[in-house]
Structures are given as structure tokens and as C-alpha cells.
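Single chain ahead, written as C-alpha cells, the form predicted on its own.
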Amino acid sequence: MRKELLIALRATVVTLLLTGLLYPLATTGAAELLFSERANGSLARGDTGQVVGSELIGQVFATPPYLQGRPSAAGNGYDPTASSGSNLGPTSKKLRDRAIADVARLRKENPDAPMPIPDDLVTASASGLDPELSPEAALWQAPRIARARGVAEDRIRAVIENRTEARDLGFLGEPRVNVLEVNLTLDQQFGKPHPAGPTAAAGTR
């Protein structure tokens, strides 16, 4: 019995060292060496170097001068501690009412945008943290952003198109636009919008 307990104890210690210490250290070291930026959260920084978010986690942009992301059912919106979908089915009245309210809001805030409204501006992702939009959903918002910033619409569209990412390896996933990256680029190129709104007329910058 004593011999068997010693064997079991040694096996437990070796397993703990291998899987609880050496393996995590090896994988963390490899990640830091090969993918350092992603291993540290793909953090995005503003002009002064301060961290303003992560390229992997969406956040709320509710004001007109910024590209806005998808609806989120994670907590109060894009809460990484409560990542989830709404779990509401296609027959849910609550889901239908929420979608109708979002459509009405989008039409009101984007009077110059073409119809119909792209689906991903009305539907939440499964995680509630999706940081990206389809190129169609991003370009759909260009008239509102241009008007709010007092710049020509084609300049806003150029920023979005330049920030559009292709399918991974040419065939995986779909083309996409990272909302935070576009908004940082907008501020870099056109300056941060004044709280009282743009001082220049649309199309003059």
C-alpha cells in the first residue's frame, strides 16, 4: 500500500510540473516570441500612446462622428465579463421589438444612407464582443460621419476601404472592418471632433 501511494504521489507531482508549470511557461513563451502583440491583448493606442481599447473586443461608439458597431447583448453592451448572445429566438417579441427600435434609430441618425440597412447593424453577435463590421455596414454609415465631421464623404469612404481586411489566407472568413481602427484613423486624419460639432461645412476639409 505504501509503495503504491508513493508511485501515485510521484505521478501526481510530475503531472503537475509538466501540465501546470512547464507547459504553460512554454506556450506563453512561444506566444510572446512569435505573436507578442496578440499575446498581450492586441491593444490599440491613441496619439499619446495611451491604451484606448483592444482590436479584439468591441466597444460602444454612440456619437455621429464615429463608426458604430453591432448591437451587443453582453452585459450593458460589450462587457467582456459577461460575453454572451441574447439567447432570444426568431419568435421572440423582445428580440423583434429591439430590432424594430434599432432600425428606427438607424434611419433617424442616418437620413442620407441608402436602404436597406445592412443586417449586422441590427443583429448582435454570439459573443456580444464582435469588434468588426462588414464593409457594407461600415460604408453605409459614411454619409453620417462625413456630415458630423464636416468632410467630403469620399474621404470617409477611403478611410474605411483602406482599413478593410480581406479573407484570411484568401478564403477563410469574410472581408471585415475593425471599428476601433477606423475610428482611430478618422481622428488621426481629420482631428477629434469638437463637442459642439464641426465648424466647417461638409465637404470643405
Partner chain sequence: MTLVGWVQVLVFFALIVAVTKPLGVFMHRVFETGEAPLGRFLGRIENSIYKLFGVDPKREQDWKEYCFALLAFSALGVLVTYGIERLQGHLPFNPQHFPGVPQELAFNTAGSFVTNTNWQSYSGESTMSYLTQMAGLAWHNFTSAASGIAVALCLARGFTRRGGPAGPKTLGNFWVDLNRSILYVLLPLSFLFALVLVSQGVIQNLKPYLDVTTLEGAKQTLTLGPVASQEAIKQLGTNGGGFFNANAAHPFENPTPFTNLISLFLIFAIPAGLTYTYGRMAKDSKQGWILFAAMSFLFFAGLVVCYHAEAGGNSAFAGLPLQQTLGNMEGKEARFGVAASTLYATVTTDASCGAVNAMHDSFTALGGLVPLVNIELSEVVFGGVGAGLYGMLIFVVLSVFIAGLMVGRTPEYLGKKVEAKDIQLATLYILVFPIIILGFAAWAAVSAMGVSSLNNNGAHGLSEILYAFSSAAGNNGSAFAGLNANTPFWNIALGISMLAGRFLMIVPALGIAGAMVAKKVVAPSLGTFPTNGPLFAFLLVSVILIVGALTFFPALSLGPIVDHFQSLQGKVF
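For clarity, a rigid core is taken as the largest C-alpha set superposing within 1.5 Å between two forms. Because the structure is a prediction, the values reported are computed rather than measured. Numbering follows the first chain given and starts at 1.
What follows is about the form predicted together with its partner chain, which we do not show.
Peer 1: Verify the contact flag for Ala113: yes if a non-hydrogen atom of it lies within 4.5 Å of a non-hydrogen atom of its partner chain in the predicted complex, no if not.
Peer 2: No - in the predicted complex, heavy atoms of Ala113 and its partner chain never come within 4.5 Å of each other.
Peer 1: Hey, in the predicted complex, does Gly58 get a heavy atom within 4.5 angstroms of its partner chain?
Peer 2: Yes.
Peer 1: Hey, in the predicted complex, is Arg176 touching its partner chain, heavy atoms inside 4.5 Å?
Peer 2: Yes.
Peer 1: Are any of the heavy atoms in Thr164 no more than 4.5 Å from a heavy atom of its partner chain in the predicted complex?
Peer 2: No.
Peer 1: Could you list which residues of 163-177 come within 4.5 Å of its partner chain in the predicted complex, counting heavy atoms only?
Peer 2: Arg167, Asp168, Leu169, Gly170, Phe171, Leu172, Gly173, Glu174, Arg176, in sequence order.
Peer 1: Is Thr12 displaced by at least 2 Å at its C-alpha between the shown form and the other one when the rigid core is overlaid?
Peer 2: Indeed, Thr12 is displaced by 2 Å or more.
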